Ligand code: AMP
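Just the one chain here, laid out as structure tokens, in the form predicted on its own.
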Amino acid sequence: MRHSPSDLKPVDRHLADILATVRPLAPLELDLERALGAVLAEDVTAPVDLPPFDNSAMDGYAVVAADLALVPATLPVTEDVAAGDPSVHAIGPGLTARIMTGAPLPAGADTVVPVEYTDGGTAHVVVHRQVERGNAIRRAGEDVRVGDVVLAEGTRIGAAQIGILAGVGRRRVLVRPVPRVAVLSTGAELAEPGTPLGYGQIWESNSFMLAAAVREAGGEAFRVGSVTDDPRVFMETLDAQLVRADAVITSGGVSMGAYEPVKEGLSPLGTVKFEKVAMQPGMPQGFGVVGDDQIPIFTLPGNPVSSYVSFVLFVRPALRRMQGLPASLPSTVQAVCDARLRSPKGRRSYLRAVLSGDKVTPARGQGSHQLAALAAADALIVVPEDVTEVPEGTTVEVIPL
């Protein structure tokens, strides 16, 4: 079926309508061990200097640097200072204390000599090499000063961020939680991977792919699997997911033909709009809200490539908005295309490709059902709506995947 450009909704406007509907999730306080992947909803400041005291960066001997003007030098060892030692220690000129990594620097000491530069003595130590004053000392506040913002609102929490949160003494933190997303596919022809195929069946891949895409985008995915072409069964399955979902993604059942359970089930609600978007692949799109809590639902096309490209363009930015992060169409880079391209007039094409430095090579298979070509691609070439041919050697916009 041919569509006039005037019948189609621009890609940018479709995303703008989605982002105008989706709202950031309400902040909540989480224990540090549950905060991984969430986005900070507060600035986190240091309550003390880090480190909070001068300490040794290695095992060795705390000394006065002036005592090492001539080496080898022999110094009496007055005491041991271990990490976590609560006692107050001090040395004077001509003396040394054996010190362990992380231990507080004794008063009067201005340098730490690594144990490798000595004979390792316990009563007396012979220092064989000179070191500069201040060697191997971690100064109080060297990393962070009291009151410094160590993590700003809007930071996604990864392993390193968990580390600094614990390092400044935080046990709980205010975050926008990871979005919980239910993912389901529709189609009587779909069989679960690992089961035998009947005649006319294919193994269902979209829910696996989209659930993985949700996780890559920082969400928590619940893969529901596939349902038949019965609108009633689809709506019952959908209703069961709304109690645990912040968003829902469906694939399939939104085209113009018969047996379109998503469109048939949701259209009577009046809260989900089905439209033709000026893009290839992925023209049939649906978006709206469902349930008492107005849960956003993305009804994506059933062809795997169309479904994935739609996720990249529309769902991923929406998940970022839900986490309180900046959201827009994916950023692009420029590259020289090493093949001639064609694109339908009036639709923005997203062609699977391999990006290598400043060159990009289109995949051989550009059909919306060709999942193997998508799996081999790491980029999408963007061809604008008003361009129908791109000569070889043209600089094009590319979305890295």
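This is a predicted model, so every value here is computed, not measured. Residue indices: 1-based, along the sequence shown.
This protein has a second form, the form predicted in complex with ligand AMP, left out of what is shown; the following refers to that one.
- Proximity of Val224 to ligand AMP in the predicted bound form falls outside the 4.5 Å heavy atom cutoff.
- Remark: Glu260 counts among the residues lining ligand AMP in the predicted bound form, judged by a heavy atom distance of 4.5 Å or less.
- Residue contact check for Ile202: one or more of its heavy atoms lie within 4.5 Å of ligand AMP in the predicted bound form.
- Ligand AMP in the predicted bound form is not approached by Gly288, whose heavy atoms all lie more than 4.5 angstroms from it.
- This chain is drawn without ligand AMP; in the predicted bound form, the residue among Ser185, Thr96, Thr299, Ser310 with a heavy atom within 4.5 Å of it is Ser185.
- For the options Ser267, Thr155, Asn135, Ser255, the residue carrying a heavy atom within 4.5 angstroms of ligand AMP in the predicted bound form is Ser255.
- Per the 4.5 Å heavy atom criterion, ligand AMP in the predicted bound form is contacted by stretch 188 to 196, the sole one of 188 to 196, 119 to 127, 146 to 154, 211 to 219.
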